[in-house]
Each structure stands twice: as structure tokens, then as C-alpha cells.
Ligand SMILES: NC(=O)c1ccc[n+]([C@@H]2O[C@H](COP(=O)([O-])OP(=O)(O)OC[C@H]3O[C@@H](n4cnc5c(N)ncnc54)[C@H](O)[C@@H]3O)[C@@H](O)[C@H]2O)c1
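Before any questions on how it binds or moves, here is one chain, the form predicted on its own, in C-alpha cells.
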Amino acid sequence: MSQDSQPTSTSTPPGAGLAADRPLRVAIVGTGAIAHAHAKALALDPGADLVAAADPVPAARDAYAAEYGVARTYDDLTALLAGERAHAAGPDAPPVDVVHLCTPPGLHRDQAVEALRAGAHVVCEKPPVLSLADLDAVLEAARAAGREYAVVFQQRTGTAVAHVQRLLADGELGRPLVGICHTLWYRRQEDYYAVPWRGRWATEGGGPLLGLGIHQLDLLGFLLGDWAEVDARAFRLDRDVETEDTSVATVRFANGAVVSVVTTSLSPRQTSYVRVDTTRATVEVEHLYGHDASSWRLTAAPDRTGAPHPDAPAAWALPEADEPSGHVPLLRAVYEALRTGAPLPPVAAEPYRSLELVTAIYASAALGRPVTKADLAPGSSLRDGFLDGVEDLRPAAAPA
């Protein structure tokens, strides 16, 4: 279901109740590795003041607070919201203006709803939640509170991807035909999967498709728009987990383009690669965890004589002023919208698109048939969570 048909609009202007003459008071929940990217991006914004952090591990939150000058720390979100009421900007102000969720994905739904109901905007790390039904509930809470729920998909950001997305959307590159979307990463059993909540359906919600590949799927959707049909399989080839460690899918988009998607946590030579071949060009981006203009390549199709089209490369040239993808441009755009009451920017809008695509891949693998948009319509049981359709192909242990 596209975002347009979901309850994402707010009944109160998102900036309502936020004073233009003071920085937004910000709290971060979860002080693990990704929370450092949030704090560093916030430090560059004079209109944001990181005032509180929460983490159940005292040593982790204390070290985080010391590193970033956070005034107050708490065990969890509930304690943070209660404690920050004494420091609110006014009697009618929320405890904090914005809550960043950098916690495991299984906690996102309840924490987002709690923060939104307390009157705070929410910025949530991917994946937003563990099901489309959960996302429905969070966005309904945002609508009821008149607040925004922004999801961090930073691969949409940067000057290069903005330029390419415009070329595709405006038809400058012709009609998209075929593509590739690869997330070939490497995650070891001994450390990555030793974290208790990883690799389990109940707490992580899925395997590398949801936890890793959703970034490239989101970038793919940002470039090509809505999807129409998915045919997929999922495998447990090597890692000792409940979820898949590898998946493959064929995705047909509404514009007719057909894309091959491969996602795994088993590839020693890691790469993130998205390619779209159109009637006029090939668009490619190859990187690992972030891209800039040097990561992108546009190759013009030959003209009728077999030579490259003489004008197209100059017209398609990437901007000279290059800002890479990352949390900095995403949070800058989000905070500008929060301060002004404008809608969320494209880099943080439409959370349904990538989560729908992940849901469809898991559902197709489990059901053994293609899955379409109609299969995920409101009322469908597929909105309630990802299905366990993993095939274990690991070889049997050698006899003793």
C-alpha cells in the first residue's frame, strides 16, 4: 500500500507548540554504535540541543553522555519522559521536542507510540518496526498527536542521488527497464550474531534482508517508485540463526522495470550495488555503507551509429558541489521541516515503501508464490508480520 493511502497526515501542524526562538530539545534512546552518528549530526545543528539519553546499561549511557555533553541520563524512555517534564520549555510543552530511537527494532513500535503520545516528534532508525500493522499503529499515533515519525534511510540522501532521482523522475534517462540490487555484506557468527536479539524473528524481525538490505531496497524504491509484484526465496545457508542469511527476489515495479535483488550476510568481499538500465542509459552506484558522487556512474546508450550519444553525458553530469549520503543531510532536512511545520522531506517520508517490499519478499518466500500489492492491502494477515519461509540448505555434519 502506498503511503498516500495510509494514515500519515497529522491533524495538527507538525511545528505547532515548537518555539522558533529556541533550539529543539532532543533525547536519544539507545546509546549503541548508531547513536553516535545521530549525536554527531545533531552537534552540527545550532537549532538542536541534545539534553537527555536513555540506555539500560549504565556504563554505556554514562560514557555516551560524557562524550557528547548530555546533561541527564535515564534507564529507559519512560523514565526519560517523566524526568524531562521538570525541564520542559513551558507548562504546555512536551518533555522533549524530539526523541531519536536508536534501539533494537523489536522495541520501536511501543517506544515510538509512547514518545508521540507524550507530544514529541520521533526520528527512528531503520527498520521502522517489525510489521506493516505496527507501522499503521505508529503513524496513527503520530496523526492523533499532530507529530511526525521520520525514519532514517540515509541512502536516499546526498547531492548525487538527488540528481539521479530527478533525472529518472523527469524521464531524462528514458524508461527504466531492468536492474540489479545487491547487498552483499559479511557478518560473523562470533560477534554480530552473538548479540542476543539478532537473528531471531521475535526480536530482530528478520535477517539481513530487513536489517541490512532494506537500505539498498529503500534506495531502489527512491529511484524507481512503487513496486507491483515480488517473487522470492529465502535461505539459511551457513549462519546459526532462526532467520534467513540469504535471500533472492525478482521485483517488478509499477513502471514496468524488473529488478534482481540479492541480499546476504555471507560475502567476504562486501559491496552495495544498485544498477538501473533505461532506454537511454545505465545508472550505477557501488559503495558499502555510504556514497558520494564518485560512487555513481551514468553511461549513455549508443546512438543509431553505435557511438555514445554526444550530448547526454554533459546534460547528466553530477553536480560539482558534492555532499555524501549520511545522517547529516537527512537530519538537517528533517529538523528544518520540524521547525517550520513543513511536511517531512522526501529523504524521510514514505516509510511504507521499503517495509512493504521487505514484507512482500518474506511473504513470497514463505508462501511459494508471487506476492502483489493487493496481497498486502489493509485487513490482510500479511500486514501482521513477516512469515518464516526459510529453507535450510546447510550440509549435514560429517559422520563421526
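The first residue of the shown sequence is 1; numbering continues from there. This structure is a prediction, so every number in the text was calculated from the model and none was measured.
From this point on, the text means the form predicted in complex with this ligand, which you will not see here.
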Handout entry: Interface segment, criterion being heavy atoms within 4.5 Å of this ligand in the predicted complex, picked from 221 to 229, 266 to 274, 246 to 254, 192 to 200
Key = 192 to 200
Handout entry: Of H163, R236, K126, R233, the one that lies within 4.5 Å of this ligand in the predicted complex (heavy atoms)
Key = K126
Completion exercise
In this chain shown alone, the residue from A66, V57, L367, A43 with a heavy atom within 4.5 Å of this ligand in the predicted complex is V57
Problem - Heavy atom of V152 within 4.5 Å of this ligand in the predicted complex - result: yes
Exercise for the section: State yes or no: in the predicted complex, is some non-hydrogen atom of H291 no more than 4.5 angstroms from a non-hydrogen atom of this ligand? Expected result: no
Exercise for the section: Considering only heavy atoms, tell me if A145 and this ligand come within 4.5 Å of each other in the predicted complex. Expected result: no
Problem - in the predicted complex, R156 touching this ligand (heavy atom, 4.5 Å) - result: no
Fill in the blank from the handout: In sequence order, the residues of 87 to 108 that place a heavy atom within 4.5 Å of this ligand in the predicted complex are C102, T103, P104, P105, L107, H108
